[in-house]
Each structure stands twice: as structure tokens, then as C-alpha cells.
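Only one chain is given next, in C-alpha cells, and it is the form predicted alone.
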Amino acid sequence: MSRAVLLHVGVIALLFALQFVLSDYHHLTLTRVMILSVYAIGFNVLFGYTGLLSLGHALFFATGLYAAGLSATYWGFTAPTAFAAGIAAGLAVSLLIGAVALRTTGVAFMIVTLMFAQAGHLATLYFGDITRGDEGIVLPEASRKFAMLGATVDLADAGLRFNLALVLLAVTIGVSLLIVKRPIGRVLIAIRENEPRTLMLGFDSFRTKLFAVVVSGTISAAAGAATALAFGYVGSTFASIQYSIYPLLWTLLGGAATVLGPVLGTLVMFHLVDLASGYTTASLLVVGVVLVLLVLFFPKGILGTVRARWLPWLP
């Protein structure tokens, strides 16, 4: 087993062990961090490895969120079926958006993805009779319970919710690592570094980039669906521009184009905001200063800089 695989297995094992020593508050926080790390990993596939900066990823996250939440609320879907609906909806939307947005490049791609995301956000407000807009929807308790192997699974149970979030994170890390290690990952990186040369070598860059958009969007939608079902709430805030900026910040902080960078970035950002808010009302100012220092001393993100300076085998 390679060092990279051992490292990632070790991280998952450490997260599993932490649930037995954390307080209830940090237990809940880490659950949320793990689910949002999945979102950041999905973003990293597109931004870090393919070099495509999307400013509209909240659309994919919200697609999974609303597909799972609304189907559970109005159609009586059980949690597993609602989660599958969220993933399916994310795949379909990312395929459609990718086919359109990839007709553009550079800044135009950023603007087009942002426009699609804003349209999605406005839709959650316009159809307020169904979505309840900013007020949101609290999922019925019954939709978060389901039978499995003769036992009743309740997503309101903190321990179960933690472990399901960990399983989702582990699967997502595995998918990301598999893509990076396979030839398709090399092609994605080649497109990021020099797309004309990649075309000259005979690779279909449009199809490969579409693959990256679909994988990224589907993973992001899975994170959205998990958020809805784990915490029992769906609201239009999750479709706003800030939820497109968050994964960018987490990825840049942890290290773009590293498998674990988005996870580390999400963890650091969450706890940085938490610690700063405990000492001052100007917590965002403190966070901003710390982020500037991190960028100065870790220009490629934390893990990206560690890889560049000391551990070149990090994927």
C-alpha cells in the first residue's frame, strides 16, 4: 500500500476516533465540517485539478439540498431515496450546466457559472410557496428515519449522523484519489497547465472538462443532500453567492490540487472563525489577518506548500 493511501486511511481513522473524545458541541461541528469538506473536495476537482474557476458552485450544492429536502417533505421519500434523488438531480444539472458553460473559457466561464447560480438562488425565492425562501423548510422527523436490517435508523442521532458523514467523506476522498491516480487525472492536470498542447496530443478537452464538471457537481450535490438530511433544514441561504465563495476559500487555504487540502482548509476556517468570535465581535477582521499571513507563508495553501517544500509524494 502506497504512502498516499496510508495517509488518507490514517486521516479517516483519526476522524473516527475523535468522536469518542470530543464534546457535544465539537462533535456536531466536526460533523458539519466533514459534510462541507465533501463539497470542497468536489469544487477542488474542477478548480484545483482542471483549472476551471466556477463562481456558481452553490447551484450544485443547492440542487442536491433541495432535491433531497423537497422530495422528503412533499413526496414522502425516505432518507436513502431522498439522498439518491439529490445525487441524481446534481448529476443532471451539472451535465446541463457544463455543456453550456464550457462553450466559454476564462473569465467568461466564471461569469456564466455565476449567472446560473444567481438564477438558481432567485428561483428558490420566487417559488417561495414551495421552498419558503429565506425562512426555509424544516424536514419532517419521519423523513429522517428509515428501516435498515430490521432496525430503525434515525438521522437525528448525533453518533449515527457523525459516522454517516464520515463514510460520505471517506468515499469522496477515495473517488478524488482514484481520479488523481488514473490517467484521466493526468489529462485534467494537462488541461490545467496547457490546454492547446493537450489538444495537440489528441485528447478531447471538452469531453474531459465536462467529465470534471459532472463529477464536481455531483459530489457537491451529494454534500447538499447530506446537509439537508443530516440537519433537517433547507433554505435559500445555501443557494446564495457566499456558498459559492466558501469552497474556493477552503480549497485555497488547504491547498488546491491536493486531495486532503479542501478537508484541512474547511477544518481550519471553521475553527478559526469559532475561536475568533469567542474573543471579539470583529472576528472576521481577525480571520482576514490570519488568512493574509497564511497566504504569505503558504502561497500554495497549507498542504500545497508542504508538498512543494517537503513531501512531493502528496497527491
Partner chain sequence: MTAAVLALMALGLSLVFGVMRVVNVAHGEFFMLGAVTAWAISHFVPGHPAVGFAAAFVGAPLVVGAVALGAERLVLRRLGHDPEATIVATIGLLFILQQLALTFFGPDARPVQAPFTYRVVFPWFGYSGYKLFVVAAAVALLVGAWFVLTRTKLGLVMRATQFDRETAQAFGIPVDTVYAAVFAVGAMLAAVAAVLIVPIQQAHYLMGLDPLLLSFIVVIIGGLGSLKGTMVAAVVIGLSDGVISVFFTPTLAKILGTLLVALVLVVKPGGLYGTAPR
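We call the rigid core whatever largest set of C-alpha positions still superposes within 1.5 Å between the two forms. Every value quoted in this text rests on a predicted model; they were computed, and no experiment measured them. Positions refer to the first chain, counted from 1.
The following text describes the form predicted together with its partner chain, which does not appear among the structures shown.
None of the heavy atoms of V21 is located within 4.5 Å of its partner chain in the predicted complex.
None of the heavy atoms of F77 is located within 4.5 Å of its partner chain in the predicted complex.
Its partner chain in the predicted complex comes within 4.5 Å of no heavy atom belonging to V180. Although the partner is absent here, V273 lies well away from its partner chain in the predicted complex, with no heavy atom inside 4.5 Å. Contact with its partner chain in the predicted complex, judged as any non-hydrogen atom within 4.5 angstroms, is confined among 256-264, 46-54, 30-38, 66-74 to 46-54. Taking a 4.5 Å heavy atom cutoff to its partner chain in the predicted complex, the contact residue among R197, R186, R103, R207 is R103.
Taking a 4.5 Å heavy atom cutoff to its partner chain in the predicted complex, the contacting residues in 106-123 are V107, A108, M110, I111, V112, L114, M115, F116, Q118, A119, L122, A123.
After superposition on the rigid core, the Cα atom of P299 is displaced by 2 Å or more between this form and the one not shown. Annotation: Y243/L291 CA-CA distance shorter in the predicted complex than in the displayed model, change of at least 3 Å. Relative to the displayed conformation, the Cα-Cα distance from L291 to M110 shrinks by 3 Å or more in the predicted complex.
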